[in-house]
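First, one chain by itself in structure tokens, the form predicted alone.
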């Protein structure tokens, strides 16, 4: 089956909006979900919908509405997420839960809402937008890395469970991307404390991260990766766009863990 109808979460701006435009330009009907229910630049083929992925009932209602309108749903792209910055020490439990609630559990709820339709059709594509930080952990980004790593693991486990069903899973791991995510990143309570023992290290770390992000790749790079996978007969289980991030990921994988962490720590703290 050809992918014609797609549900996209986190679709109002950044990677989500770029993906919505890319897929719509390729002839797909994209239901771009977001909390505010709008998209920065309207385009034919994109239907903005109000969707809070933290609300399972609301997510199921959106999926049911798409099915009633289109008679099908071919793919879901789980892109909604958030970011929290700061040391593990001093992070409040509610701050950590907020990170996981949207990034991990929001995707989990969205996937669960779509799976019965995909199974009935005997066809479906599930793409999760994770991050290279799922496999390249950085200081002061522990909860973001953990949530993205959990999402990556979920996708890979699900791909095995769905073998032979006609449903495929793919995780796309972006590196630094120039979007509004940099400005939207939250700092935890400890990161805002001027008396924190991590103050100097955090300042250097955040400056490095923001510089890399603001000078990062266009979100269109990630959008093209999504489109490429949706067009494939067999999606890849894991995709890291751009050769430089692939090379770093390979280097970290083959180095002893202590060496890899020391290298990343030297670069970012």
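This one's a predicted model, so the numbers in the text were calculated from it and none came from an experiment. Numbering follows the first chain given and starts at 1.
Separately, the form predicted in complex with a small molecule exists; it is not shown, and the next lines address it.
Remark: of stretches 89 to 97, 67 to 75, 167 to 175, 189 to 197, the one touching the small molecule in the model of the complex is 167 to 175 (heavy atom within 4.5 Å).
The closest non-hydrogen atom of residue 36 lies within 4.5 Å of the small molecule in the model of the complex. When contacts are judged by a 4.5 Å heavy atom cut-off, residue 147 does not count as touching the small molecule in the model of the complex. Interface membership of residue 155, defined by any non-hydrogen atom within 4.5 Å of the small molecule in the model of the complex, is ruled out. Using a 4.5 angstroms limit between non-hydrogen atoms, residue 124 is distant from the small molecule in the model of the complex. With the partner omitted here, the residue from 52, 220, 210, 40 that has a non-hydrogen atom within 4.5 angstroms of the small molecule in the model of the complex is 52.
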